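Next up is one chain by itself, shown in structure tokens, the form predicted on its own.
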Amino acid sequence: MRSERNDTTEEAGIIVRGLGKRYRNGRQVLADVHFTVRKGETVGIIGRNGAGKSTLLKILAGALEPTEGSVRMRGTCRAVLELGAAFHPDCTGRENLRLQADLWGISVGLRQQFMEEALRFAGIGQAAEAPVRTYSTGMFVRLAFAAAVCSTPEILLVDEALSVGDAAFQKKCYARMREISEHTSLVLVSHDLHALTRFCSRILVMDSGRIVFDGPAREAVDVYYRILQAAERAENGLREVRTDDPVYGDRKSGVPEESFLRLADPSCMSGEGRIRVRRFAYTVDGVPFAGSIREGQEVGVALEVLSETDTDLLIVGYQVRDRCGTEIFGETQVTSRAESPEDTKQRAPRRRIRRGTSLIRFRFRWPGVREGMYFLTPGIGIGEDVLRQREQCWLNDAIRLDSSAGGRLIYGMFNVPMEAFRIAEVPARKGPADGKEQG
């Protein structure tokens, strides 16, 4: 690997040509990687686990040697790969910052300024004078990240470091990186797609050690989700099938046919169990058991249930939570006033289920939620209404979906479109000739 350092800020950047990495056991983890990062550019890298992201960053940082190709680093480089890996546990926080300054070649004149700025950013107070082995994980992370971002690098490499620490600290980190991005080339590896699409102007998508896409952030997310979806189908031995395929079955309902049902996992079930789900299936725009979804796509769910009782008060619905367990949205056939075709002549939707086995199907459109991982819980209950129902069988978080906003900017958790907008001119207010307000 060739590495070129230059103190001239105007030439800061990264140039990678034909990079490859093969281990002694013959495993190829990187192959024919080419890209350039300009000064002041923020680039994200995403991909499935094992795609080669971390290996690439380690080579850029000089922690690994490539088998082939070259890397040119133009400018001072800091890498946040394993936070605090260079910290000595028996030294205090302040002493470790001094050691880092020596390792990075920070001049004596700037050393004190660097240390004080890093300690302010970390916000660890008097703990700066205590050995770092006594630190909590949060304090350790704060100090390690502060050391990297306060050393004014021309190139900063960050591998998943922002997934640790509390929300306030993560926000502070992104604010700091946005502040230094005008004069720093940033390369970020993260699974937080929402953060990357808001922070990066460009994203590289990696798969099987290669860069398969290099372009606008939101287009990159769609490419990434298509890779996830293809991998999901391959792992489950499924071909891509759409609802208009005759062998698939129920074109009208847009939900899975019985032949696609899987056994439900008892460990994720909750409820009384008088009605319980034995098998289930789901589709995204006709693709069985898809792993990714985007705004406007149709989700179809099929539940094979075994009922020990007759009831006219069946309630079927779903709930969607984010990866933190926060409830985002959900509905039931009752609150949606959904009716199957045979119920249209009745005064109320059919809610009857007989003792024995039944197949329940429903579908809904995915809203414009922010990028991220979501978990869908199908559920069955019995009751006059939703608030007074008795839970029978919920498949808690049984369906995982990685959501893309499809190029739209999501300001919060999800967007609600305006239904009306207009601009009208307001006539000038008439007053006395002398300009005084009327009494």
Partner chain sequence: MRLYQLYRLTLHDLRMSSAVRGTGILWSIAEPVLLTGTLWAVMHLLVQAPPEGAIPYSFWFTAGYLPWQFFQRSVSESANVLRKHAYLLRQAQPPVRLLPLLPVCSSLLIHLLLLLLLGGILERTQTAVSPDLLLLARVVADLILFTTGISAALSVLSVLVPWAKGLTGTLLQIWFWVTPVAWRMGRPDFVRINPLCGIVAGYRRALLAADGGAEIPEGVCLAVFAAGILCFERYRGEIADAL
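These figures come from a predicted structure and were not determined experimentally. Numbering follows the first chain given and starts at 1. Rigid core here is just the name for the largest C-alpha set that superposes within 1.5 Å across the two forms.
As for the form predicted in complex with the partner chain, it is not shown, yet the points below apply to it.
By the 4.5 Å heavy atom rule, the three marked residues Arg321, Ile360 and Leu401 all fail to count as contacting the partner chain in the predicted bound form. Considering the partner chain in the predicted bound form, the lone stretch of 294-302, 183-191, 102-110, 200-208 in range is 102-110 [heavy atom distance within 4.5 Å]. Contact annotation: Phe87 falls within 4.5 Å of the partner chain in the predicted bound form, judged by heavy atom distances. Remark: Leu228 does not count among the residues lining the partner chain in the predicted bound form, judged by a heavy atom distance of 4.5 Å or less. Remark: Glu95 counts among the residues lining the partner chain in the predicted bound form, judged by a heavy atom distance of 4.5 Å or less. Mapping the unseen interface onto this chain, Glu65 counts among the residues with a heavy atom inside 4.5 Å of the partner chain in the predicted bound form. Out of the listed residues Ala31, Ala61, Met413, Met373, Ala61 is the one that sits within 4.5 Å of the partner chain in the predicted bound form by at least one heavy atom.
In summary, among the residues Val141, Cys77, Ala127, Cys150, the only one with a non-hydrogen atom within 4.5 Å of the partner chain in the predicted bound form is Cys77.
The Cα position of Arg133 differs by 2 Å or more between this form and the one not shown after fitting on the rigid core. When two forms of a protein are overlaid on their rigid core, residues whose CA moves 2 Å or more are considered shifted, and Ser201 is not one of them between this form and the one not shown. A displacement of 2 angstroms or greater separates the C-alpha positions of Ser107 between this form and the one not shown, with the rigid core held in common.
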